[in-house]
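Here's a solo chain for you in C-alpha cells, the form predicted alone.
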C-alpha cells in the first residue's frame, strides 16, 4: 500500500511538473508572440502605406506634411528631431549616470549605497507627463535666462529632461556591472600603488565596459521611444534642423498627434503612423543589436 501511494504521488508530481512547465512555456512564448504580432501589424499597415509612397521618397524627402492638402512624406525631419533629442539626452545622462555609478560602486559606503540607489531609481517611476510639464514650465524658462531668443518649445529642454529621466537606467545598470568586477582586480591595482580613483577608471570601468555599454544602449532606446516629454516641450512641428534650440517633432510625438486626431481609419494619413512606427522599431532594434555586438566584443577583449 505504501509503495502504491508512493507511486501515485510520483505520478502526480510529474503531472504537476509538466503543468508548471507548460505554464512557464506559455508565459515565455507570450512575449515572443506579442513581439511577432507587433511586427506583423506594423509591416502589414506599412506595406499599404508604401504602396502609395515610394520608400526612396520616404527616406530622402525633407518635408513631412501628411496632414496638409498637398501631403509630403519625408521621414527625415522626424528622424532628425528624434536623434537630436536623443543626443542631448545622452550628453546629460551619460556623464551624470556614469559618475553616479562609479561613486556608488567604488566610493560610497554600504549604508549610503543602500539608501541612495533606491532614491535614484525613483526617478524612473515618475510619470513622463510630469517630466514634460517640468521641461516646459521650469527648464525652458531657466534656459531662456542664458540662451537668448530661445522659443518656448525647443529640443534642448526636452532632451535635457529626457536625459534626467534615463539617468537611473544608465546609473543602476552600470553600477551593477561594476559591482560584478572581482575584488581581486581592485586589490591588485591598489597593491601596485594605484589610487582608488585610478583603480575605478583604469581597472574597474574597462572590466565592466560590456555592462556599461548595455546600460547606455538601453538608455538610448528609452530616449528614442520617449513620447510625452517631446510632445509637450519640443513642439509638434516637423522641422529639419540640427540646432537643438529650435522646435522640432519626433516620431513618437507625430504618432501621438495623429492617433488622437480625427483621421479616418485606413487612410494614407492614418497608415503613415505605422510607417513611422516601423522606422522607430528598426532604429531601436539597430541600437540593441549594436549593444549586443559591443558587449560581445569587449567581453572577448577583457
Partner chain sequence: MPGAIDVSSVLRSGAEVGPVSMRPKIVTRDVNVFYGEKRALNDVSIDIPERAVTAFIGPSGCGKSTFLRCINRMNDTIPTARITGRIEIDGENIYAKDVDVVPLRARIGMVFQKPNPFAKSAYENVAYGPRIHGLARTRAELDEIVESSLRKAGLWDEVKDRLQQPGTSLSGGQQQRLCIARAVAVSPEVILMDEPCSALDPIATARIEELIDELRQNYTIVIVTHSMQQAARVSQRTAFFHLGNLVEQGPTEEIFTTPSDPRTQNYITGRIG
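This structure is a prediction, so every number in the text was calculated from the model and none was measured. Residue numbers count along the first chain shown, from 1.
We do not show the form predicted in complex with its partner chain, though everything after this point is about it.
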Mark residue 114 yes when one of its heavy atoms lies within 4.5 Å of a heavy atom of its partner chain in the predicted complex, and no otherwise. no
Can you tell me if residue 232 lies within 4.5 angstroms of its partner chain in the predicted complex, counting non-hydrogen atoms only? no
Its partner chain contact at residue 225 in the predicted complex, heavy atom, 4.5 Å: no
According to a 4.5 angstroms non-hydrogen atom cut-off, is residue 198 in contact with its partner chain in the predicted complex? yes
Since exactly one of 139, 104, 203, 156 fits, which has a heavy atom within 4.5 Å of its partner chain in the predicted complex? 203
Stretch in contact, per heavy atom within 4.5 angstroms of its partner chain in the predicted complex, of 213-221, 68-76, 124-132, 180-188: 180-188
